[in-house]
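Consider the single chain below, provided in structure tokens and representing the form predicted alone.
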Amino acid sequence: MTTTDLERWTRVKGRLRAEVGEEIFLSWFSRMELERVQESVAHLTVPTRFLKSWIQSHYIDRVLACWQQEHAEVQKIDVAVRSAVIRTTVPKIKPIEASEPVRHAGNGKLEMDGARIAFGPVSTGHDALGGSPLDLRLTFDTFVIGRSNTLAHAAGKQVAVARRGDPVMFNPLYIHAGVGLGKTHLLQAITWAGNNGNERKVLYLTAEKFMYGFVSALRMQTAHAFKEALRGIDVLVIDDLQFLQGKSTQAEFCHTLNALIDAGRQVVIAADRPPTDLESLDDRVRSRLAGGLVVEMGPLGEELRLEILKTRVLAARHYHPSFDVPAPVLAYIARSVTHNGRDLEGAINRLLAHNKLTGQPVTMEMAEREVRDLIRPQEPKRVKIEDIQRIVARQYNVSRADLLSSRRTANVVRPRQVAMYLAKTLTLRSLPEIGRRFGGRDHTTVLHAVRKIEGLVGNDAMLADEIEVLKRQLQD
């Protein structure tokens, strides 16, 4: 593969990211890699058959269009599944200024595509039950701990080191965070550690793989065997639960969840939002999920971002001894690339690619040029309905319970309407969801409250000022 093809592929991914949005890009395209461009065909690879099938069914035309905007001679896209051949053992790596060693557990293939370092997903014993591939890099030893993820890490480690027959401390363990903050890393670390000689069966599944397995079992008339296999698992780990769709699939997931918890088996789940915000899920599922330990992994602080960058450079340097990133460059990236951990890894990959393909050392000028598109505007604070209720209640000297109650007195009705109005304007929650979060009210009640406040704000300067003050408090 030529340097030109690699540069084109980088621009194609940039076009895809811009067209489909960050969340969809990271879900379906972040693990897609370019193998070669040959005879008007762009050959791409992905780690799983499911991902290949989904991209071919839903996005292949869009991928081709993005390629043709960069390279008009490309007339066809070929998507293949990458090999999971095991070739070598990854040795321990001592990190810079770290108290614990960073190492890669297990065996796996080290793939080099241009200058990008990546471990291919490997099969483990749990694949016989339909498990999703695991990445050899994603272990507890390579998980960098900071203030934003300490509790989640401690809870995950507790689950991982437990043995069969031990009492379950919290069930389910539910971890939520935004894109690229380490949810998948932690879940796969739990799976690797749990399968490492403690006689427990640990199964890691993405929500898509769960859906795919259930639908295939129905089609093949093996649904009973599918259910029995799942319920024989000691630790079930489900990633990206927000993508779980379909009433029958959700019902089966709920039955499996209940069966495992009632039998004293451990369930670990990750999603991009708290259980109460998963509007597509049945109320019973949300309630059961919220009944365990719910832990949020917050945004990565600058100090944590810097430590992550150091570990990435150390891993790259093991295979490219001459690769060096000066401390001021690492500090600049940690300060400037703030969105998520995947962007940090992308920044190091770009510096490595440029260093290896051109032979030029990494400088501040190079770093500023290579990562400029990863420096994004700071996202506004995500406002939660619970915060709105709490701040409005405090502003109007009522309780949160009053806002959720059926009381119709004037000193409660107006604050409740203001809170509903703010929930509609400051969050992405639907009217039915807002109504449910305000004591199970109908969506028409929320709509009436929103229209009422909208009508009053134009004529009541005092109310308009109050709402602006509330908005500032919520967004600071």
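Numbers for residues come from their place in the sequence shown, where the first is 1. Computed from a predicted model, the values in this text were never measured in an experiment.
One more form of this protein should be noted, the form predicted together with a small molecule, which is absent from this view; the next part is about it.
**Q** Please identify, from 217 to 225, 355 to 363, 177 to 185, 385 to 393, the stretch that has a heavy atom within 4.5 Å of the small molecule in the predicted bound form.
**A** Flagged stretch: 177 to 185.
**Q** Heavy atom within 4.5 Å of the small molecule in the predicted bound form: which of Pro172, Pro275, Gly341, Pro133 fits that? Just give me the one.
**A** Selected residue: Gly341.
**Q** Could you spot which one of Phe143, Phe323, Tyr212, Phe253 gets a heavy atom to within 4.5 Å of the small molecule in the predicted bound form?
**A** Looking at the other structure, the residue within range turns out to be Phe143.
**Q** Counting only non-hydrogen atoms and a 4.5 angstroms cut-off, does Glu208 reach the small molecule in the predicted bound form?
**A** Residue-level check for Glu208: no, no contact with the small molecule.
**Q** Using the partner position in the predicted bound form, report whether Leu289 sits within 4.5 Å of the small molecule, counting heavy atoms only.
**A** Residue-level check for Leu289: no, no contact with the small molecule.
**Q** Look up in the predicted bound form whether Leu138 has a non-hydrogen atom within 4.5 angstroms of the small molecule, and give yes or no.
**A** Leu138: contacts the small molecule in the predicted bound form.
**Q** So, in the predicted bound form, is Val235 in contact with the small molecule at a 4.5 angstroms heavy atom limit?
**A** Flag for Val235 set to no.
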